[in-house]
Every structure is written in structure tokens, then in C-alpha cells.
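Single chain ahead, written as C-alpha cells, the form predicted on its own.
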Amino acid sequence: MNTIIEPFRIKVVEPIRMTTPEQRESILAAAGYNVFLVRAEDVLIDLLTDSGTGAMSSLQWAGVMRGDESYAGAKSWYELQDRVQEITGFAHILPTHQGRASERILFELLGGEGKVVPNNNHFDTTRANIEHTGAKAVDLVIDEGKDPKTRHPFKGNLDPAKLEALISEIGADKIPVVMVTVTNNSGGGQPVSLENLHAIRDICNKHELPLFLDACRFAENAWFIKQREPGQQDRSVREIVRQMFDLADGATISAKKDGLVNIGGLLLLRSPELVRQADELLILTEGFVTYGGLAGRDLEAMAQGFDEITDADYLQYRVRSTEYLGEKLLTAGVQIVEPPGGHAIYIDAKHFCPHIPPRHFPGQALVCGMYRHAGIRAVEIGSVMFGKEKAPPMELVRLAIPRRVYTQSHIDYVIEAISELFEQRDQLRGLEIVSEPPSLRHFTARFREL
């Protein structure tokens, strides 16, 4: 059989409020042409993010009812700790309310003026948390990862030669940690190979540097390794996941992605001294070390979610359904980051809107056009998000697919809408910023159309 079906049945449904183009025009203007400021009830298909927007399973909801709400030493914490230790091999696990809280704790301990943190590509909150401490975030993805049309099985790889060159240029003493994001969100959701992780681990060993994973989508990355990397086809997803984590000294995880929950995160550490310092910060800012700002029911749902995420049937459906969207858009002439990623499709906004220069934000123009035309909400990953000092190498619009939420007919609607918009793309208008915050401006900036 060639048809990939959803490996689940729908048990509860939520209505979608239908809106007209005229209504959406007014809503968009009132939101300052920033779809982050649009009410969720005014969105038909919400592809803004896959973070915390997934549907939990019946077993996860059963866990919510079992949640132990004790302040210290709750049974639900030990359920989560045992599950994560089994999957990752890390002994020291700190719960947080979401991934950026893990990043904040980590970089408060490791960041600071004069420090430099390399990565394949930092995502928005990672970069912001690093730079908030006065450190500098540097992207060292392989060159293939900067070209939407290039097909490479692991376009998310961190370039070992670029890392060695950076270490030679500034000295290892200025690099507190090397990070690798799996999968590479800013670079089109592209995976990182085991071969690349081993190469970066060897460089870190040579220069006595710790290696950390930004492991929000670790299971999807492991699935790509199983499918694409020679010698990995006969291994289980869990075996590959474990090898990925075994190569790292620590990890930040937003459980709102591959943890299949609506809230929650983790900070994984090996260094006893770093654990001691992180425990102190966690208690100060998040909560006691056995709940980290989360309710017991959240911990219980996370434990079950981490068990479900490595299921091969689920991962096959997840990746194939995303590929389906990407392939249909390519057929319609819409250039995307190739090959399609695991959690999202990234449209090349430069190709879609060649008449709009980066200074007028072609990705944001496309985001507004999609909402105006069809009520679809997406997110710009280009000059709005990362171009405050200089234009980034790619102007992208991400269609992030929530886990276990939308059916194929929803995705077919998205394909039809974007294909229609592509035929009318010369009508899209650039924008300029009216107001913006000092950092993470894409969340709350307001625009006007030119």
C-alpha cells in the first residue's frame, strides 16, 4: 500500500470558526500585520508553530488524571525521570516549564561577555538567551544548508572545518559550549547525521569543549538518520536516539515538540558542578528540582509523550505527511527548502516574492498574504526574525505542522490556497516596521504595508 494513513483515530474534535476575506483583512490590519497578534479563534489552519500545539493521546490524558501534585518528590516526577533516563542515558535531568527556560539557565551559567557559542543554526530563543548574557551566537551550518534548492540528506550538519577555523581564530577558551540543533529548525528543519555528530564530538574532545544538543526534535532527527544514513536502516529509532545523546555532554529540550505535550521542557547535564549550579538556579526561578515550574499532571503527560514519540509507525506518518505537503507545493511551482523537513515545510520567500527586497520583508508579506487569502497562519524566518543587523542568507516562511492535529484534507486546503496565492504573487506588498522591541522583534513588532 502506498497510502500512509494516520496511525490513530480521532476521539475528540474542536470546531474551527470560518472567516471571510473581508473579516481577515480587518483582523490583519488591527494586528499590525503581525499574525502573532491575531487571535487563535480567527485562524482557520494554524501553522505558526509545532511547539505545544499537538494533540495528546488518550494515555497522556489518562496520565493527567493520575498526576501527583506533591510539591517535592512527586510520583509523577519519578515516572518522567525514569523514562527520560531510559531513552537518553542522562542521569541528571532538570524539568523546566519549556525549552527556553532550560536555555536561560544554561547560558546564565555558561554565557557572558566575550564568549562565543557556535551552532549549526541557532533558533530565535536560543540566540536571544545567549546574546542576553553578552555572548555571541555564531551559525556554522554547511554551505548546502544555505541554498533552498540543494538536495543533501543532512543539510542541517554543522561544518567541522568552519568549527575548527573558529576555534583557531578566537581560541577554545572563549567557547564555553558547542551546540548542535537537531533537527535544524532555522535551516529548514533539516536533519543532522550521526557521522557529523561524531565529527563534532571529536573536535570538542580535541579542544576540551563540551558538546550540547538543542534536542527539541530528537526523534524526528533519529528517523531521518534511520532512513538516510548508510548502515542505520536496521537499527531501531530508540537505539539511534540513545547514540545521539551518548555523544553529548548535555541537552536542552522543549518537550512541546517531540515530547508531545502542550507545556514542558528539560535540561540534561553530565557535569556534577554544572548540575549543582543549575539546581540552584532552577529552584530560584522555576521551582523545586522535582517539578521545575510544572504541575504533576504535566510531568505525567511528558513521561508518556517521550515513550510515544519513538514509535516507528508514528514517525513514518509524521515525516511522510510533511513530505506530501512539500512535494505538492513543488509541483505547483512553489520553491521550498529541499528536501522537505520533518516538522515543517519552508517556503523560499525570495522566490515567491522576487519583487520585494529583503528590507521590505518578503517573508512577512507572504505570511500576511496567506492569512488574508485563506486564514492560514505561518511564521516568517528571515529578515524580520534574524535580520536586525544584516539580511540572513535565506528568506523563509515556515509552515509548522502540529502533531496529530490536522488531517490530509486540511493539508490539501493549504496546498490549494498557497498555489492560488502563488499565481497572484505580484499583488503581495512589502512592509516596513512601525514599532519593535529590542529583541525577538518578530513576536510583537507592528508593521504597515507599503
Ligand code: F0G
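Here the structure is a predicted model, which is why all the values come from computation and not from measurement. Numbers for residues come from their place in the sequence shown, where the first is 1.
Just so you know, the form predicted together with this ligand exists too; it's not on screen, but the next bit is about it.
None of 293 to 301, 230 to 238, 158 to 166, 93 to 101 except one has non-hydrogen atoms within 4.5 angstroms of this ligand in the predicted complex; the exception is 93 to 101.
Contact check for N196: every heavy atom lies farther than 4.5 Å from this ligand in the predicted complex.
Residue contact check for E220: none of its heavy atoms lie within 4.5 Å of this ligand in the predicted complex. Shown alone here, F245 lies farther than 4.5 Å from this ligand in the predicted complex, counting heavy atoms only.
A residue is said to contact a partner when one of its heavy atoms sits within 4.5 Å of a partner heavy atom; S76 fails this definition for this ligand in the predicted complex, lying far away.
Of the candidates T49, S383, N34, S57, T49 is the one whose heavy atoms come within 4.5 Å of this ligand in the predicted complex; the others do not. Interface residue among T322, T88, T125, Q81, judged by heavy atoms within 4.5 Å of this ligand in the predicted complex: T125. Of the residues in 171 to 210, those that come within 4.5 Å of this ligand in the predicted complex through at least one heavy atom are, in sequence order, T181, N185.
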